[in-house]
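Quick heads-up: it's one chain on its own, the form predicted alone, in structure tokens.
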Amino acid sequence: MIRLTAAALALASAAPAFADTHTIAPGEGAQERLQEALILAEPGDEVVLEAGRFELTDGLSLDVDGVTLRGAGADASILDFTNQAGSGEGLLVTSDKVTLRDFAVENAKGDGIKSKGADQIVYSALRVEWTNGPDPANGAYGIYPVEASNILVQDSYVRGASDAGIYVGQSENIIVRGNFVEENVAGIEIENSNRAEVTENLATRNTGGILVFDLPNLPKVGGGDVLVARNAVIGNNTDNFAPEGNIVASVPAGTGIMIMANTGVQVLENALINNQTSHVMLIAYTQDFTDERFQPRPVNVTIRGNVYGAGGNSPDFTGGDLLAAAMGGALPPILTDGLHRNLSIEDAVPAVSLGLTTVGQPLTDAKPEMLKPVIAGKVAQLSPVVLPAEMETRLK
């Protein structure tokens, strides 16, 4: 009897005993009513957005653990920030175990939805969009979790971000799956993060489809163990519209998957079609840095089982057109600057190295050479990313 009583008490403490639902309708005063609900919510509560357009003039914030913000669908419940004052994000989340699902954010002046230090967050079936399409004046990131662990982004749509549609930075234990990203500078970007899976996404009409980067001088450096698998990366040829000075402003239009300064990246079983610079590109970080923790080369990269269509026929970098002409009119599907370490190419497609030998060397020193398929010994499979089980159950 004592054991049963203890178990019952444990269950009672794990689940919110008096979870409430706060339903918010669009219309006059929606800004105040919605923000008030997000402030007054208790752990376990749901804030429900009725169908309709919520015309908002300021950003929203959520700082309560365990809250669900749920709409009636990504085309039904719309948080419209077209008339937002200031330059902040549309929605900022700074608490743990939050679920965001089934609503849209349009035309935020800054980022669409940002979560900072928010562990165990779920983004599901969302739409974040700048409805005017590619524009450097658009917000930087659509869906933007940063500095957290256990992140799930799924079944969402992002369009028009002037940096990355879905960006996960300085985080670990990440799943990004089943999303649709188009007309962003970067469709999906994993940066300075560890243990990430980017799978079953459609990235099309971005400048670059999927980027895996590491940068110096950030609190978390040394990203790696990233799986990019079973994605459709198609026609990412939109001109780069990132504001000048942004790191992604250097991404060539026509990039499929790009890996820079990261360790342990596996590019497996993707469909790569009509990316006019390169389907898969490996480069080193070439800007000056003093961060002793940082290594600028792509290391331990495996490319296997991908399907390649046409591409490489209009490379967007200095001398690219001449190089393509010398190779019969198009670059091979895989392009590296030559500064990689332990690159395993198991696909039976041509690959070209620019033959650079020193980080920071100018492209004018390039000595292009073809690479043969190289299997760098037995490549260990990355361990699957496993999120806490309760994250998945929140969506049922």
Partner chain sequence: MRAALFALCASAAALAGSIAVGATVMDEPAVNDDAILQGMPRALSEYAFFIDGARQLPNYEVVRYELNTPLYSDGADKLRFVYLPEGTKLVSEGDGLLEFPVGSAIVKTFAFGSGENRQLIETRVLLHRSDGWLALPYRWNTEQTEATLALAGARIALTWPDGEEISYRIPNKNQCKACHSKQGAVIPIGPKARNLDRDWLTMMEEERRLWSVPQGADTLPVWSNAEQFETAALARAYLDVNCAHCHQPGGGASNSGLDLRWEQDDPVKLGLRKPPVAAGRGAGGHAVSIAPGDPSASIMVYRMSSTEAGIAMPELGRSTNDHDGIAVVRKWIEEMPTS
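Positions refer to the first chain, counted from 1. From a predicted model like this one, the values you see are computed outputs, not experimental measurements.
The form predicted in complex with its partner chain exists for this protein as well; it is not shown, and the discussion that follows is about that form.
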Q | 39, 218 and 285 all contacting its partner chain in the model of the complex, non-hydrogen atom within 4.5 Å | A | yes
Q) Hey, in the model of the complex, is residue 103 touching its partner chain, heavy atoms inside 4.5 Å? A) no
Q.
I'd like to know if residue 170 sits close to its partner chain in the model of the complex, meaning any non-hydrogen atom pair within 4.5 angstroms.
A. yes
Q.
residue 26 versus its partner chain, in the model of the complex: is there a non-hydrogen atom within 4.5 Å?
A. no
Q) Is there a heavy atom of residue 85 no more than 4.5 Å from a heavy atom of its partner chain in the model of the complex? A) yes
Q | Option touching its partner chain, based on a heavy atom within 4.5 Å in the model of the complex, out of 304, 116, 230, 177 | A | 116
Q | Heavy atom within 4.5 Å of its partner chain in the model of the complex - the one residue of 133, 222, 136, 309 that qualifies | A | 136
Q) Of these, 138-146, 120-128, 262-270, 294-302, which stretch puts a heavy atom within 4.5 angstroms of its partner chain in the model of the complex? A) 138-146
Q) Within 235-267, which residues have a heavy atom closer than or equal to 4.5 Å from its partner chain in the model of the complex? A) 243, 244, 245, 246
